[in-house]
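Just one chain follows, in the form predicted alone, and it is written as structure tokens.
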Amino acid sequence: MIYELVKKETKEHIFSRKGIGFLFIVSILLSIMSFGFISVKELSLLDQPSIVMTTFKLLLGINILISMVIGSTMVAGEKEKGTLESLLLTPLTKRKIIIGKLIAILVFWLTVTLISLPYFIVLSNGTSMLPTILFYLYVVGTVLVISFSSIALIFSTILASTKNAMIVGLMIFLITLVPMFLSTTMKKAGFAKLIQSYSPISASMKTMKDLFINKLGALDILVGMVPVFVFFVLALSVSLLISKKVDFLGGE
């Protein structure tokens, strides 16, 4: 039964006109960036690790945003359309409904990785970076996408409004990005230091640099990734907990 739900969600959100539009946008952005690395003089001077890191940051940032937009509509959208009651009448538990929706978002992300793979193969040509790229793409990228999608589903369930869920979810994502826009000095004090220490985005960007540039060992990388996996466990656990405690029928 959960397969049927995943099929329904992928048809409505991933392989619909909107979903295909998102995939097209990702393809265009990757093409523009790849072309820029070749044609723009300043960008063409970057070393290959920096090029791969820049491309991955763009890919991950865009797809977290898209996944959160999709996640924000998955429960609240059902309430707004009046289709949630029929879904709740199926044999699926509320927890399995949330899991099915997360799997559909995962299908979107895996589709994006397949689209992006040829770009990364070309950008890493002549180096031994491809295994590291695959690890970051399919492990770290997947963990982050599912984590933030879980956040979007939490607010989609609680707020029962697509617009409100999207706004709150995106605000949380933007807060985790704060350290990326601050100077090194500002990152060492106050609220920015707190976010820098615990933000999954900051941790993933730091470990990416440690992998591609600093060439640190596996143990150092795993330690640096702790905030990413802790955030994943917390976000997924809360989304499953909310699925049991919140009355899905009480929409706006």
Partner chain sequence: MIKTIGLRKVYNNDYEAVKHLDLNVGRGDIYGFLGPNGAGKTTTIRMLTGLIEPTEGMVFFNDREVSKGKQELKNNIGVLPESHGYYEWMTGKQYLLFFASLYGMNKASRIQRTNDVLEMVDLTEKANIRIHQYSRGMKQRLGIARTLLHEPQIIFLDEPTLGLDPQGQKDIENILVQLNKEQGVTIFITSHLLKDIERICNRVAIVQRGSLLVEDTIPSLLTTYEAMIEKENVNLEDVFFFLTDEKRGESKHDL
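Here the structure is a predicted model, which means the values were calculated and not measured. Positions refer to the first chain, counted from 1.
Below: the form predicted in complex with its partner chain, not depicted.
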Inset, instruction - Would you point out which of 75-83, 147-155, 164-172, 133-141 contains residues with a non-hydrogen atom within 4.5 Å of its partner chain in the predicted complex? - result: 75-83
Inset, instruction - Would you check, heavy atoms only and a 4.5 Å threshold, whether residue 107 touches its partner chain in the predicted complex? - result: no
Inset, instruction - Report yes if any heavy atom of residue 113 sits within 4.5 Å of a heavy atom of its partner chain in the predicted complex; otherwise report no. - result: no
Inset, instruction - Please run the contact check for residue 244 against its partner chain in the predicted complex: heavy atoms, 4.5 angstroms, yes or no? - result: no
Inset, instruction - Using the partner position in the predicted complex, report whether residue 87 sits within 4.5 Å of its partner chain, counting heavy atoms only. - result: yes
Legend entry - Residues of stretch 1-37 in contact with its partner chain in the predicted complex (4.5 Å, non-hydrogen atom): 1, 4, 5, 8, 11, 12
